[in-house]
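Only one chain is shown below, in structure tokens, and it's the form predicted alone.
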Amino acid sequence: MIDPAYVTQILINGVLMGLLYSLVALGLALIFGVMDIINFAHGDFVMLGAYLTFLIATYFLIDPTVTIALTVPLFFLLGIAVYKAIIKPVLGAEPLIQIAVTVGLLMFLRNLALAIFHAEPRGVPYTVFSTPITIGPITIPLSRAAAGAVSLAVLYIVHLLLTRTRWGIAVRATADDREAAALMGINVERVYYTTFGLGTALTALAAALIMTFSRADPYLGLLYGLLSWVIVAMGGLGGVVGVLASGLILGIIESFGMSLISAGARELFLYVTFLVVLWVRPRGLFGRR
């Protein structure tokens, strides 16, 4: 017989990890949904954020979550710079050209990390979230609980930004029809660079949360980059709700699969779920187009 407490433990772990997955994918969903740009370097911005978090936390001996006061604004500016220098020239170009440009950026960031840090994983020396929370037979790592809570809060804030603010209205109008939005007086260029900046800044926030329980390595972007695309495709460009639902589904299935079947088949559970969902709903769970 399966212990109900054990099942509850697995479910909680899956939900918390799914919330973090949703946060990682949120920036990509914003960028792709608004700009229709195929950004394969998204995961490597998470990797870059993890290394920057490691450097700042190690140098100042502070908790990695405190570093977001510096890394999030810095990554917002970095995103704007990347947009103007690399992304803007290929907007509207053939998908193959966009893929080549963003894959080139991906390889540059990954090899830069390899050149500086080599392949050795780096972890922060200190975090206040290292102790677990115990509730009867249930043990919840405080780092995962904090990451899940922050992820859920940020998802809700971004949802409010998109639905309750003038900027959000401009973003949604631009995503639906760029030419019509421009004719209505919306500064499309501003929408594009602020969206790319916000999407990049969210990777720095996610990286700081990841560093409370994991380590940075040059291939971290491979996992989170592919995972982000899976979540965006599963959600079907359904906004924050689609990203949240897809992230939770993947997190829960991954947790049950690793705990009940095989811990070594983590990615198998993720991508089989992705294929099944797209087979049933080719446009994704909340697909609009």
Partner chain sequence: MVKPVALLGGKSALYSIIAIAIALALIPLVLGYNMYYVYLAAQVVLVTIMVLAWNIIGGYAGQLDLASSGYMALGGAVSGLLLAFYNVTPWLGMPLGALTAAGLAFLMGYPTFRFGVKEVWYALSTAALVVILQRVFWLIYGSTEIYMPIHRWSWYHLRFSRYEPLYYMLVVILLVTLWLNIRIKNSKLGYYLTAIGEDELAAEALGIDTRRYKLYALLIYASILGFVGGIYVNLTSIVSFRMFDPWLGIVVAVMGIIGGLGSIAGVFMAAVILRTLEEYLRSMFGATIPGIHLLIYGLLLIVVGVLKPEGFAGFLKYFRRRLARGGSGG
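Numbering follows the first chain given and starts at 1. Only a predicted model underlies this, so the values are computations on that prediction, with no experimental measurement involved.
Keep in mind the form predicted in complex with its partner chain is missing from the figure; the text below concerns it.
Could you tell me if F108 has a non-hydrogen atom within 4.5 Å of its partner chain in the model of the complex?
Because a heavy atom of F108 falls inside 4.5 Å of its partner chain in the model of the complex, the answer is yes.
With the cut-off set at 4.5 Å between non-hydrogen atoms, does H118 touch its partner chain in the model of the complex?
Because a heavy atom of H118 falls inside 4.5 Å of its partner chain in the model of the complex, the answer is yes.
Even though the partner isn't displayed, in the model of the complex is L11 close enough to its partner chain, meaning a heavy atom within 4.5 Å?
No, L11 stays farther than 4.5 Å from its partner chain in the model of the complex.
Consider V101 of the chain shown here, and say whether it contacts its partner chain in the model of the complex, taking contact as heavy atoms within 4.5 Å.
Answer yes; at least one heavy atom of V101 falls within 4.5 Å of its partner chain in the model of the complex.
Mind checking whether each of I97, L268 and V272 has a heavy atom within 4.5 Å of its partner chain in the model of the complex?
All three within 4.5 Å in the model of the complex.
What is the one choice in V66, L226, M258, I252 with a heavy atom within 4.5 Å of its partner chain in the model of the complex?
None of the others qualify; the residue that does is L226.
With its partner chain left out of view, which of P89, P137, P132, P73 would have a heavy atom within 4.5 Å of it in the model of the complex?
It is P89 that has a heavy atom within 4.5 Å of the partner.
Which of 146 to 154, 204 to 212, 89 to 97, 171 to 179 has heavy atoms within 4.5 Å of its partner chain in the model of the complex?
Stretch 89 to 97 is the one.
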